[in-house]
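The structure tokens that follow cover one protein chain in two forms, given apart as structure 1 and structure 2.
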Structure 1
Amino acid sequence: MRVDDIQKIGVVGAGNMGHQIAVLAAIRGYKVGCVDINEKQLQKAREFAEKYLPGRVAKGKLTEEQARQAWDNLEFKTNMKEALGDADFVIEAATEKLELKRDIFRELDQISPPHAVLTTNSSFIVSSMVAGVTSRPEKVCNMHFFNPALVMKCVEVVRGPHTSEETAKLAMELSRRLNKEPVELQKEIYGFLVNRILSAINNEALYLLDQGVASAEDIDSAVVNALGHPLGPFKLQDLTGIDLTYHIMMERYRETGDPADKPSPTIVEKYVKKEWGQKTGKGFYDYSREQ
């Protein structure tokens, strides 16, 4: 399959990453089926698109016709076969839980056309851990977008040992059609490129916080004003979701059994309290006045 043959893109998961990927693809001219079992989450995704597209028109980034066409390109459904049964290229953006992703890929393999490429937006779970439940492992790879997906330019395309050259090339070309700057990893490694670097910073920041060396605010200030990062590690975790950090670290711990891979005490505490960042109104910072 060539990139020009891709007419419809399927997105599994209507959460923060999924609905932004869906809207992005719709703006770039693709028919998009976005599926989620949670109707409330789908409604939030619809409301986001309804607000975002006119906002782009108001800012002069889209014409009214482009915004209307993007809206017409979108469909949000709870039934996976109805939403994705005719998709040429699928991007899974569900919660970072391995067994959930394996179940999704098993179903995707059954309902998707034989030519369809199946990718995962996972930020840590490599595609070789889900490809085996499909009959098309050569058509499976990682295609990792960054939050917010409508803004961030980087996409990590990761080749597994099962991934064909054609599939990797197609994912790279599609990323460029979506106005992204993709990078290709020739082999799998936990955390890929960006998150391996970011995790080293986050883990050290959490260690300093857990040890009482400095506050989250001061650690963030140091990273921003000394290292030139646009966001400190704690502001960034509030943006991406502390629950996501927790699930990623727990998946890693389950895989390795190494106590060093467990979430930090602070992350566990905030996860239990549902202080997950901006999405819940409180994380390392208080966003309740912004709700």
Structure 2
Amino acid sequence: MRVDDIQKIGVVGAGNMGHQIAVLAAIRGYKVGCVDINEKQLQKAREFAEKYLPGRVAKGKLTEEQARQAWDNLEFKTNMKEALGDADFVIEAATEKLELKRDIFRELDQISPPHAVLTTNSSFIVSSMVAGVTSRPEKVCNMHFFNPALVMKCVEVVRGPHTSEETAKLAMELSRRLNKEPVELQKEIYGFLVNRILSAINNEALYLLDQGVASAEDIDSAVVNALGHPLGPFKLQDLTGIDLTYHIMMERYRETGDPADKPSPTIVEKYVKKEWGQKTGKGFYDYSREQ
């Protein structure tokens, strides 16, 4: 299959990532089938598109005709076969649980046309952990978007040992058609590129905080003003959720048994106190007044 042959994109999951990937693909001219097991989530995704598209028209980013076309391109359903049965390229963005993703890939393999490429947007699960349940491992790879997917330009395309040259090339070309700046990883590695670099920064920032070298505010200020990052590591963790940091580190520690992978004392303390960041009103910073 060539990139020009892709007419319809399937998106599995209409959560944080899935709904934005679906709207992005629809704006870029693709028919989109988006499936979620949760009807409420689909309704939220529909409502998002209903508001977002006219908003882009008001800002002069889309014409009325383009917004109408994007809306017409979108289909939100709870039945996977109905939504994705004729998709040429699928991006799975369901909950980050391995067994769930394996079940989804098994089903996708059964309902998708033989030429369809199946990718996962997982942040940490490499595609070799799901490719084996399909009859087309050469057509499986990671395609990792960043949050918010409508805005962030990077996509990590990760080749597994099973991924064909053609599939990796197609995922790169499709990312460009979606107006992204993709990067290709020639082999699988835990955390890919971006989350590895981010973890290194976060771990060092936490080490400095735990050693009492500087406050979270001053470490954030240094990273913003010296390195030019838009957000410091503590502000960013408050945004993405300290519970997420905790779970990711614990999961990694269970896998490796390496004490260096354990969450730092500060992360454990904040996790136990439910100081998870913006979502609970307090993390490294206090948001209670903003709620």
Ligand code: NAD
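In this text, all values refer to a predicted model and were calculated from it rather than measured experimentally. Quick note, the numbers are simply positions in structure 1, starting from 1. We call the rigid core the largest set of C-alpha positions that still match within 1.5 Å between the two forms.
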property	result
Structure number, where the criterion is the form predicted in complex with the named molecule	2
Smaller rigid segment rotation relative to the larger between the two structures [°]	18
Shift in Å of the Val272 Cα between the two structures [rigid core superposition]	7.5
